[in-house]
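Okay, so here's just one chain, in structure tokens, the form predicted alone.
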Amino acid sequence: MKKPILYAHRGFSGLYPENSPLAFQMVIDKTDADGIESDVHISKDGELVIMHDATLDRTSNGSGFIKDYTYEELLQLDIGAWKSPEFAGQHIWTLGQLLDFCRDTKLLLNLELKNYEVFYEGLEQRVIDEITARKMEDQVCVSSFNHISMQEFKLLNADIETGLLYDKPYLDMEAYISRSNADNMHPRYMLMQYQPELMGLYHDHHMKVNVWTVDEPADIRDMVNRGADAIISNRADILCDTVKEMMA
């Protein structure tokens, strides 16, 4: 039985405000996760910023699309109080800040390019530039539900791993992945339970299988037993404790 890579989804988002500096720091302070999963958008003035949704309403005291705000305007927003008043005062990070944090803490980064609700022109190259400037090609993998974006990303830089996110079953997956240059598959975890044969198919194509978002111990154990290469969880504490127990 191999130990998968363990990622904290949007930081330690189960207990702290997602994609906040606090949630990222708590991965280090409170868990044994190997890395962080996070998300990137582009602001009105071209800054790469870290947030899950294309809009601000759910996880900040702002409203509307990220693309309609400058970085300085976004920086004024509180991204912690929505979770609990005790977390008030958290502010959005840039991709550069997150990359620096991962470089300094030795955490891996699984970065989702959020270019399907809003199609950000040039996002692929901008992300590549930030990663390569820090020589972090081996520390970062990128993924997206926009598989065209991932195809383009890999053509622009073959040294950074890419993954295809998906959350519903596809017809004839073998034919589909044969047309892709991606390194990894990133399915919602229950799809591996619905079509268990796909784990072998992906591995036969030398693709790693990184599953999300797995929070319950029974499902975590199931994914480990099925051979998942990485597991992404909102509850990185439960994830790490469960896998540690399995590996004992």
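All values reported here derive from a predicted model rather than from experimental measurement. Just count from 1 along the sequence shown to find any residue number.
The form predicted in complex with a small molecule exists for this protein as well; it is not shown, and the discussion that follows is about that form.
- Although the partner is absent here, W212 lies within 4.5 Å of the small molecule in the predicted bound form, judged by heavy atoms.
- Using a 4.5 angstroms limit between non-hydrogen atoms, Y170 is distant from the small molecule in the predicted bound form.
- Proximity of N110 to the small molecule in the predicted bound form: non-hydrogen atoms within 4.5 Å are present.
- Within this chain, K154 is remote from the site of the small molecule in the predicted bound form, having no heavy atom within 4.5 Å.
- Among the residues W82, F145, F101, Y71, the one placing a heavy atom within 4.5 Å of the small molecule in the predicted bound form is F145.
- Residue in contact with the small molecule in the predicted bound form (any heavy atom within 4.5 Å), chosen from H52, R221, K30, K67: H52.
- The stretch from 22-30, 175-183, 201-209, 36-44 that comes within 4.5 Å of the small molecule in the predicted bound form, counting heavy atoms only, is 36-44.
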